[in-house]
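Consider the single chain below, provided in structure tokens and representing the form predicted alone.
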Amino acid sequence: MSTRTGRKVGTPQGVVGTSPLRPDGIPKLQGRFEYAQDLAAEGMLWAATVRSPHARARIASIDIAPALAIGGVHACLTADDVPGRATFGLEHPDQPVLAAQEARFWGEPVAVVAAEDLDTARRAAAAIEVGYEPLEALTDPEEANRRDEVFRRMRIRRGDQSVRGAVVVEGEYEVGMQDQAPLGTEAGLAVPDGQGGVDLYATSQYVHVDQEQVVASLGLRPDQVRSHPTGIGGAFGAREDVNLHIHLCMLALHTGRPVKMVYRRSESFTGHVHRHPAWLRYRHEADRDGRLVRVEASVVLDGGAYASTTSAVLANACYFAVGPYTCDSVAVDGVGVRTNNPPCGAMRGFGAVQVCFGYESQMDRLAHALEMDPLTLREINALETGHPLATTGQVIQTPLPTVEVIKSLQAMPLPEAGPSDLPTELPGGSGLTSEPQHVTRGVGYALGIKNLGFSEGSDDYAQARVRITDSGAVVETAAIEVGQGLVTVLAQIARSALGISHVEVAHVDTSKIDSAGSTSASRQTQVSGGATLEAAQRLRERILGQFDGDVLDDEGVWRGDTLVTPWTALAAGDWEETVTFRHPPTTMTDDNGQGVAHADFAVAGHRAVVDVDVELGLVKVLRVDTAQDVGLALNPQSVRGQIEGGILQGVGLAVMEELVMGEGVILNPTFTDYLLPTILDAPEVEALLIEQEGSWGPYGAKGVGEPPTISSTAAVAAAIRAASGREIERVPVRPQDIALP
């Protein structure tokens, strides 16, 4: 640190490697942050949706007259009123904007209304008379597979298919349908511009693809629809797909007035996609020393009624079906089936969660058969940099510290043995159902691996703009902040690259900047962060070159000890840089699933400690400790927050979270019956950040959002298995899966 004119000049505050306060933190704590649900506009109408009460039915008639007869109702729109393409879809436009001849899942939108107030809109929606002729619904995934009702089939073959191992374990596993359960439901506001166009403010993870789908269904030019990022109360994949977006724009253009819609909680459960339920069959073969010789896997995912991202989720499930392990003989068959169950799509972990439960259960079975420590078995087979991925054969070129993750878990001390005497720390909690003498403790381990960024030849890019203002710099982006701390990290990157403290992040609409891609796939820190870093570096070089300076800081440009220009003079010039950043290219795999399908990888490990009342089938998850490969932690506190939140979501899938289906109908579409972990269910967590720079992310960073969820579920299941002696072949684990007969 040097001294210039009696002033210390050095590293600005809030740079990479520190944990500055989040700019949105205090407003959220004080209730001042504006979420999509809080939006309003002068002359605004309210909207409501008519939904099918059947898993499958022919729509014989729709009579909107009773709704239009209600005072204050301004519009009732059906499929006949869609002005452009009648369907939408994130990857394939196969889902009707409004169901026409047939409704294909329970809760599918059939009509939308707009009225002066919310109560009137809901009364109008209830007044619309729809004539349904129920049809036989296809709700069994195995039957759908037999009928060839599929979105995608995958076949992976690698290595000599005739080799066999001396030790063989087989298993069948099931993963239930989990909901993202964001605390904020779907919401939005559409504002007509008076010239045939519309501005859309809606819950989204991917505003540019939203805009493309809205444009197609409205039959407008791209410049006539502007999709704006807005405040979101959680996402986890639920906001990738369009839901109310087109409906709002149709109503706004039809009425010529702003229109707002907010889903009720029960509506939200039908208004967004869910985690795919999965059925897995595995066969692992190893030699006597524990080295994997061959892995065979069958993966069936229920995609529900429409495609959404089922093809991509299936691909991830199949590509990571062996986990973070080496194996030279692999056979994986996967299928994503079409049923009349609610559509499934993106959710944190994106296919890797489901197969992790399968392959980690198998690794524990194999360790038991070999009479070997489960972590030792994993270390023997650990996938690392320079190894080929077991399924695709892609050689891992980026850092992958699998062995360090395992050794870190081994070194972590365990809590004191024995159950607590405090009722709230026993299975059953404050229900006072378990007594310490009936409780058994179990410890379980699991590892998980996930790709970072889009795969299979996707053109994965993000654009960012950095410009000088009269107070510092602004990063402009369409990347969506969903609570993960992106606004903080992008500002940190820009501060570090520019050398100045005053940096803000501004979210701009689709007309002002190119796409930043989806806030998913653990990609935004690396891709949007990469664009921000490059733009800031270019801008700094331009400024220093123009003013022949050697330091840029909060007061301006310095040449030696001389201030060349004050900061306000810089702001008066044309000082901005716009950069489009792409991650390393990927390819589609061949007919055997071989190829360079992924741009980067991250590995994490979890150790769960649980207490189980075997007689009652109750579980208390005490601890879930972790070691995670993070590249460089740009914001250590934010990284730890992502890890802790991801673990709790994994605990939810392990012991309580499941959408229960009955003939295609969600039987528990409220938070009364869909159980979520609360703070009383939250385990203690110790998180070790394994930092190995060298990935292509800014300053060597990796995405961190998904790995915490992937193997935490499997670790909790393993711990329950250890405590209860039960096989535990399904998650979430139910009391009847544990309790003694």
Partner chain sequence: MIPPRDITLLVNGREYSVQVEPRKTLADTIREDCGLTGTHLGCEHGVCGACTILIDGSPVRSCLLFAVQCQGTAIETVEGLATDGVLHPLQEAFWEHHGLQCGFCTPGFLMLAKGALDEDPSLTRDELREVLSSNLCRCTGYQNILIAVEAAAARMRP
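Small disclaimer: the values here were computed from a predicted structure and weren't measured. Positions refer to the first chain, counted from 1.
The same protein also has a form predicted together with the partner chain, omitted here; what follows describes it.
Among residues of the shown chain, residue 644 is one whose heavy atoms approach the partner chain to within 4.5 Å in the predicted bound form. Using a 4.5 angstroms limit between non-hydrogen atoms, residue 670 touches the partner chain in the predicted bound form. In the predicted bound form, the partner chain stays beyond 4.5 Å of every heavy atom belonging to residue 158. Heavy atoms of residue 263 reach within 4.5 Å of the partner chain in the predicted bound form, making it an interface residue. None of 490, 214, 259, 347 but one reaches within 4.5 angstroms of the partner chain in the predicted bound form through a heavy atom, and that residue is 347. A heavy atom within 4.5 Å of the partner chain in the predicted bound form is found for exactly one of 41, 676, 70, 688: 676. Contact with the partner chain in the predicted bound form, defined as any heavy atom within 4.5 Å, is confined among 234-242, 401-409, 380-388, 437-445 to 234-242. Contact here is defined as any heavy atom lying within 4.5 Å of the partner chain in the predicted bound form, and by that definition each of 25, 483 and 620 is a contact residue.
Residues are counted as partner-facing when one of their heavy atoms sits within 4.5 Å of the partner chain in the predicted bound form; in 649-669 these are 649, 657, in sequence order.
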